[in-house]
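Below, in structure tokens: the form predicted on its own, a single chain.
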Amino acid sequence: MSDYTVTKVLDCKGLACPMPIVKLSQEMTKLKVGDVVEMLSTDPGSLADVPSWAKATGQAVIENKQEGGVIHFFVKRQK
């Protein structure tokens, strides 16, 4: 199993680029360092966008998986 606990689930299903990243960015400012947000997305572009955003902002995508057309990103606040 995973060695992290999800602090917040952020439902971005049905949103198109750039809204999942906008919502994720806003949510990260509310979290403490070390917290993990699970973002749910149906936008295939988020598969590239979320890791790029995380790298640019110093956050960490610790896992992602797809289940039934929904992409689950687990992003840890690093700073």
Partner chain sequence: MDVEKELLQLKERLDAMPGKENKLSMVIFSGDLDKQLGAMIIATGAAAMGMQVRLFFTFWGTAALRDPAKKVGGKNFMGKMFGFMLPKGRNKLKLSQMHMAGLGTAMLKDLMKKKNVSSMDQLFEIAGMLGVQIVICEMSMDLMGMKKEEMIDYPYLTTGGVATFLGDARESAIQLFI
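Numbering follows the first chain given and starts at 1. Treat the numbers as computed from the prediction; the structure is a model and nothing was measured.
Unshown form predicted together with the partner chain; subsequent notes refer to it.
Interface membership of I71, defined by any non-hydrogen atom within 4.5 Å of the partner chain in the predicted complex, is ruled out. When the partner chain is considered in the predicted complex, I62 lies well away from it, no heavy atom lying within 4.5 Å. Interface membership of A16, defined by any non-hydrogen atom within 4.5 Å of the partner chain in the predicted complex, is confirmed. Remark: Q66 does not count among the residues lining the partner chain in the predicted complex, judged by a heavy atom distance of 4.5 Å or less.
Along 22-45, residues V22, S25, Q26 each place a heavy atom within 4.5 Å of the partner chain in the predicted complex.
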